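First, one chain by itself: the form predicted alone, in structure tokens.
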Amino acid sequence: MATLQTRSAARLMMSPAVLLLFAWMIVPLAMTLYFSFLRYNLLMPGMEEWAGTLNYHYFLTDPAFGTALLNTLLLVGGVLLITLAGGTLLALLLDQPFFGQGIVRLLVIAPFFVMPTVSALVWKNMLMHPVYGIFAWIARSLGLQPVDWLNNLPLFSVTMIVAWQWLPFATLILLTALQSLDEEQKEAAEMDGAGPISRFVYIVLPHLARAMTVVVLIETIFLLSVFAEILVTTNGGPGNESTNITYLVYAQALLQFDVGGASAGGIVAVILANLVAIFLIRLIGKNLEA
């Protein structure tokens, strides 16, 4: 009886927080779902009318939607590839004892704490600017023509900026997993004549598999909604070359003032994100069970 009363009291005390969190999530989603079925344009106030599924039809058949979806997948895949490969390499380097190891680790992790808009501005004006950027200076020093990164390679440039932000996160997770590896296994493999590459492939990589799956899951969830870096650097251009789903929804809402179409795009983005999350969770669950 006492245990039952304790559980009831605990649930009663937790209920306000749970209800507040539930309302915080459900109310905006419900409003977005409602607006997605309306013909609602901010330039024509008071003329809202029921549109059914027309907003979804227009959004999904928009020529920019296919490009935005492909750019979203390429952006997520590119950042994951760079952060996993680079994070593994940095984790291996930082796991070695050397002078100033603590300071180097702090410097490696620091970019993760920089706001996306700030890092995008730094890359745009200090590194990638075709006239006075550092990359342009390096190219001219080598006798090469500077590259206008944001105009000629917009999606690649955004991918590099986002990867630079998320590389510290992958490095931290992989370094933590690497430090839990039993040194006796590596010493035994070395005594048996295994070289550095063999030890990495057959001992280190299998040990890092679970940490890598966690990095993939967490990064994917956040990378599907990349927005600030695109807004600050390329504005989705040139044309739609760097437009992803999130920026396309923004363009519908705040550039075309089409609240109904943007709401439909938001619901589509939520559905796609949940499908990807469900797929990754199942895939990671099988990996962890194995």
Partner chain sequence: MARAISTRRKLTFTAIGWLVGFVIFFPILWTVITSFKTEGEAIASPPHFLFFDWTLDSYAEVQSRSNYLKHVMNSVIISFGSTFIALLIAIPAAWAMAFSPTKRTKDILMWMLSTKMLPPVGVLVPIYLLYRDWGLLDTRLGLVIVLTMINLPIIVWMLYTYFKEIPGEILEASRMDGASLAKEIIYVLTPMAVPGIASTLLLNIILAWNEAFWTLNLTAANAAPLTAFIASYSSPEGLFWAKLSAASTLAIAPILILGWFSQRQLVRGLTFGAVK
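Residue numbers count along the first chain shown, from 1. All values derive from a computational prediction rather than experimental measurement. Between two forms, the rigid core is defined as the largest C-alpha subset superposing within 1.5 Å.
Only in words, not in the display: the form predicted together with the partner chain, which the text now covers.
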Check each of Leu153, Leu74, Val201, Val122 and return the one that places a heavy atom within 4.5 angstroms of the partner chain in the predicted bound form.
Val122
Given that the partner chain is left out here, which of Leu70, Leu254, Leu60, Leu54 has a heavy atom within 4.5 Å of it in the predicted bound form?
Leu254
Report whether the minimum heavy atom distance between Gly239 and the partner chain in the predicted bound form is within 4.5 Å.
no
Any non-hydrogen atom of Arg210 within 4.5 angstroms of the partner chain in the predicted bound form
yes
Contact with the partner chain in the predicted bound form for Leu107, defined as at least one heavy atom pair within 4.5 Å: yes or no?
yes
So, Asp182 and the partner chain: in the predicted bound form, are they within 4.5 Å at any heavy atom pair?
no
Are there residues in 98 to 120 with a heavy atom within 4.5 Å of the partner chain in the predicted bound form, and which are they, in order?
Phe98, Phe99, Gly100, Ile103, Val104, Arg105, Leu106, Leu107, Val108, Ile109, Ala110, Pro111, Phe112, Phe113, Val114, Met115, Pro116, Thr117, Val118
Flag for Val270, CA shift 2 Å or larger between the shown form and the other one after aligning core:
no
